[in-house]
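Given as structure tokens, the chain that follows is alone and in the form predicted on its own.
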């Protein structure tokens, strides 16, 4: 018993040694900045009021009150929710469909398609945005070229209030397949082939096999993709920053871009921190609701 307990203590000690670099990095780069942001939300750093980083003024809940009364903030939240509602369901449905279509193929073809789908995930968001900037170009862009072949005039995709946000959503849907396809494919691969063979003997067709075998066993992967996709879409920033800067006329201004603009262009650090906390509450609430709705179905 003594030898076993000594071994456990040594194992725990070495576990802490190997975990220490990651834990230190997490505390320094994530936990401390989050705590500072929470504190900043209750202070004013406005240089036009005589405040600064070293001489902030405590304002209590004034930053939150100002943000909640701001029409620009609610417009940004509306754009963010529209973006998420448009991108997440469509992207999830498409990636699930592609994963199912790849399943009957030979392994070599599956690997080729997975690599093709995952390639945009390896490329940085900035590069993807620049490629789509060329595709959306109203003069020599790829989309308007195909429209001209059909006899339609050019569309100013990123400069038109009607098309700007849908254009960013299209880019997100087309460019965001990689990780989800891999996750769905891995979940499908874990399903025993004997279940499908037994279902086929019983006379079950493809739809019934999907409904009673594939779908119930891959629900955990679906929940993971749905939650991660929602969290990512609610924090969209890079394509907005590189392609539209929130325009035209704030039609593509999302919550994270508004936080960036408020903090680093208007120097309203306390107000930006308050926006970030409100966004955090929204993201946490949506994730909790998704888990609450889907998790009982996973356990049933």
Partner chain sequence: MAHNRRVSKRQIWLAVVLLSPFAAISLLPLYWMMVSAFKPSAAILNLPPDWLPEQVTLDNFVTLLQSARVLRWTANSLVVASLVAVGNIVFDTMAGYAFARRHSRWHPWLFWMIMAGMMIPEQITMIPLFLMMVNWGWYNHLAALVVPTLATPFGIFLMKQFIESLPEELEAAARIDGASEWHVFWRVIFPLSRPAWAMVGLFHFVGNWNRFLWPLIMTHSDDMRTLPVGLATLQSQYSIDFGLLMAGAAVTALPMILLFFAMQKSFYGGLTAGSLKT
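Residue numbers count along the first chain shown, from 1. In this text the structure is predicted, and so the values were computed from the model without any measurement.
The following text describes the form predicted together with its partner chain, which does not appear among the structures shown.
If you check its partner chain in the model of the complex, you find a heavy atom from every one of 110, 127 and 284 within 4.5 Å. Of the candidates 201, 115, 93, 85, 115 is the one whose heavy atoms come within 4.5 Å of its partner chain in the model of the complex; the others do not. Among 147, 135, 81, 159, the residue placing a heavy atom within 4.5 Å of its partner chain in the model of the complex is 135.
For residue 289, no non-hydrogen atom is located within 4.5 Å of its partner chain in the model of the complex, even though that partner is not displayed. Proximity of residue 68 to its partner chain in the model of the complex falls outside the 4.5 Å heavy atom cutoff. In the model of the complex, its partner chain sits within 4.5 Å of a heavy atom of residue 140. Not displayed here, its partner chain is approached by residue 120 to within 4.5 Å at the level of heavy atoms in the model of the complex.
Looking at 245-260, the residues that come within 4.5 Å of its partner chain in the model of the complex, counting any heavy atom, are 256, 259, 260.
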